[in-house]
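Okay, so here's just one chain, in structure tokens, the form predicted on its own.
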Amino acid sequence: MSDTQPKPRASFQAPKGTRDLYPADAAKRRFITEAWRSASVRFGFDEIDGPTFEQLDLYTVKSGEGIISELFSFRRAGGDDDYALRPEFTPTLARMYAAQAKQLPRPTKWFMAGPFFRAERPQRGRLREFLQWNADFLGLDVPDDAPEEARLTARARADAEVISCCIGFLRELGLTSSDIRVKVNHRHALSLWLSSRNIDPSRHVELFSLLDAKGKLKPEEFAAKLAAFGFTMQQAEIFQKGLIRVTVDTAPGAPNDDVLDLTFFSEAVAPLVKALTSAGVLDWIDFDLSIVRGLAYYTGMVFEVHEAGGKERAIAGGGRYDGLVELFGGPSTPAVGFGMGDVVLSLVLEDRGLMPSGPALIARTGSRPDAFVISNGTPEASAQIAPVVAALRAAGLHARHSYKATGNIGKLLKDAASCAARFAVIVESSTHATLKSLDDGSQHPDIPLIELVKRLG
């Protein structure tokens, strides 16, 4: 090889933890994002968005410097400011709300869906770049000076509405309460219950961290660590199983009430249980003492969405974060929300046969062509392909045509069917065409070309 010739470039691959989305893959992601949008709008949430990178301090102000190792952070060459690609949306949302809180309605209901980034080891269900849907309910539907009992009930209604939106989306995709369980806990109620057991509040965060790490510990190791907080081996088994009974009448909730009395906890979450019952979603709910969520800003109800009997990571998670808006200069604002990524959800849908493919996927994503225009093979008909396609597109219709040299109508009709077109327009001459429905096979011959827009519209 001559020294003047360029050397072959090394082959490049997508960065670790990211995805190349070819048309079928992009269509599947579009299927999910459109369903996210549909559920959000149906439940009355307004769409917002923010920058994909923020000042690094936005994330360290609440979580501390330790979070930096989990972020893709950077400083522009020659610049003085540190930034980070967003790993979550809640800090951005709190910043945005605080900036215009006086002008915003109460309550405010926002949603967004977009790309997020986390600098962690990629594994099944977890990537470094992913899409996430967020839905948040800020403020309450009662006045600020309402009695505390009314405000507690309003918080429960907001919590239930956010959970209901999440469940509504899952229902829309064909999942049922037999497929999916929404595991709910209440950090404030849990703290009150722990205090009633004489566990010092200064140790609650430590215990929450232990509960959050339960899945990573062997049962005997978990029980030994829990014993340091005064719980017996039998009581540790209840935490290990997680599930407790909480009903509308706030009956005692432990599987063995004489082993671990949870009457106090049941009474504390009674407003939430009633709100979930009124929302018609209680059959999807499992109250689980082990769900605490790792983020420190959660203050009340927390939840995670899991596949029943599945081994995947949580499909979604969220909770109440009263106090976060104030941290960014806003007024006192009760708030609750959740996030759902597309990675685990896609795995669950694929495993359960609920992710559409082929023509069905094209139809579900709104990319179905109105017409696929082909020629009967005669020169005068072929000459009309480009003008007919142009006229249909100018009228706002989705029109496609083949780029193949073949004049075999059978093969061209297969191409039309493979892209899920509603109709095949077979141009027969310089003035007329046959309109063939690809849904029912019916044919309408001798349609003037000038009437195609009207007939297809």
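Just so we're clear, the structure is a prediction, and the values are computed from it rather than from any experiment. One rule holds for the numbers: they count along the sequence shown, beginning at 1.
We do not show the form predicted together with another copy of the chain, though everything after this point is about it.
J.: Please check if residue 32 has a heavy atom lying within 4.5 Å of any heavy atom of another copy of the chain in the predicted bound form.
T.: No, residue 32 is distant from the partner.
J.: So in the predicted bound form, does residue 88 come within 4.5 Å of another copy of the chain, heavy atom to heavy atom?
T.: Because no heavy atom of residue 88 falls inside 4.5 Å of another copy of the chain in the predicted bound form, the answer is no.
J.: State yes or no: in the predicted bound form, is some non-hydrogen atom of residue 141 no more than 4.5 angstroms from a non-hydrogen atom of another copy of the chain?
T.: Looking in the predicted bound form, residue contacts with another copy of the chain include residue 141, since a heavy atom lies within 4.5 Å.
J.: How about residue 357 - does it come within 4.5 Å of another copy of the chain in the predicted bound form, if we only consider non-hydrogen atoms?
T.: No, no contact at 4.5 Å.
J.: Select, from the options 362 to 370, 176 to 184, 308 to 316, 218 to 226, the stretch whose residues sit within 4.5 angstroms of another copy of the chain in the predicted bound form by heavy atom distance.
T.: Within 4.5 Å of the partner lies stretch 362 to 370.
J.: Only one of 337, 300, 334, 107 has a non-hydrogen atom within 4.5 angstroms of another copy of the chain in the predicted bound form; which is it?
T.: Of 337, 300, 334, 107, the residue with a heavy atom within 4.5 Å of another copy of the chain in the predicted bound form is 107.
J.: Looking at 408, 430, 55, 418, which is the one with a non-hydrogen atom within 4.5 Å of another copy of the chain in the predicted bound form?
T.: None of the others qualify; the residue that does is 55.
J.: At 4.5 Å, heavy atom to heavy atom, what parts of 371 to 385 sit next to another copy of the chain in the predicted bound form? List them in sequence order, or say none.
T.: Contacts from 371 to 385: none.
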